[in-house]
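Only one chain is included here, represented as structure tokens and corresponding to the form predicted alone.
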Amino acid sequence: MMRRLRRTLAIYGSVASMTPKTFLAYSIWVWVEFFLQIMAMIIFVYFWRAVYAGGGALNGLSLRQTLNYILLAQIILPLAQTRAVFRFGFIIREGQLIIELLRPLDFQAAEYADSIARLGLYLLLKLPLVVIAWLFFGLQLPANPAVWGAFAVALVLGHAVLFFFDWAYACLAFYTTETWGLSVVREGVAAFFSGALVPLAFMPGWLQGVANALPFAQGLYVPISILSGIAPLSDVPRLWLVQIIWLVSMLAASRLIFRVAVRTVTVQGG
């Protein structure tokens, strides 16, 4: 039993170990994203300072709380994004799907191992952004280790929820010849309903209900609300429970949808 477990971990660990090599091969994109995130933070900071120019609080949030949330959202946003749509579009277009399915390992599990490795690497690469936000934009981080622990668990759970949701959503690639439009729709909807642009607390009640009915907030708003202090530690068990329910549901749905969709493949080229 233990030998089989060690062998399984070694196999998927090898898959995950390829992720840093990919980033080294395409390092220019890391620098482009780094620059764009700094520009986004500057824009959002001055925007929200203008909004709060009259003083007071908005929906119970002070300027400092809002800025903390927005800065963290811009830093963590790439962590809540997955590449399942692009991945499916590529392997279908290039005819590599059959190769992936014939490998002696679970296709979804291998992709999740790669996704977790990317999450860890992203966290490491975002440390300079955290320092810049702290030095120049007044980012305040909690000193309580319990808050950091709650944030870490919520981030991993939320990332898993989005991975399995995107896996199910990416199955639409089996029914179309182009995935660019699918990715645009996904990113646009996610940017708004994840709370990346506006804290969900600022939305009217009915719109918050829509956001809570979608999985995107689980990967961004929930962990950031914990780290920024919007959600107190007393709310963490409830937030984790909601994330776990989402995770189990999305895992089951993604496996079922993929099993059905893989039977219908639109192959390009010839």
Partner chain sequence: MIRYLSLYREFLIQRFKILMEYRVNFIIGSTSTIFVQAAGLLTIWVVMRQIPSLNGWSFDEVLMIYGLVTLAKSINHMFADNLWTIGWYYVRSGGFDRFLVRPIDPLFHLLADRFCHDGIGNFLVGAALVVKSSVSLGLVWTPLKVLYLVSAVLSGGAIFMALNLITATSAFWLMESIPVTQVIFNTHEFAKYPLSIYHKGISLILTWLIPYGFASFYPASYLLGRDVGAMAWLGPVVAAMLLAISYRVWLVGLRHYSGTGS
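Residue numbers count along the first chain shown, from 1. This structure is a prediction, so every number in the text was calculated from the model and none was measured.
Not pictured, yet referred to below: the form predicted together with its partner chain.
In short, of 73-81, 125-133, 187-195, 145-153 it is 187-195 that has heavy atoms within 4.5 Å of its partner chain in the predicted complex. When its partner chain is considered in the predicted complex, only one residue from L233, A211, L58, V242 comes within 4.5 Å through any heavy atom, namely L58. In the predicted complex, P237 stays away from its partner chain, with no heavy atom inside 4.5 Å. In the predicted complex, its partner chain stays beyond 4.5 Å of every heavy atom belonging to Q96. Using a 4.5 angstroms limit between non-hydrogen atoms, L182 touches its partner chain in the predicted complex. Within this chain, M203 lines the site of its partner chain in the predicted complex, having a heavy atom no more than 4.5 Å away. In the predicted complex, M39, I42, I43, Y46, F47, W48, A50, V51 are the residues of 38-52 with at least one heavy atom within 4.5 Å of its partner chain, listed from first to last.
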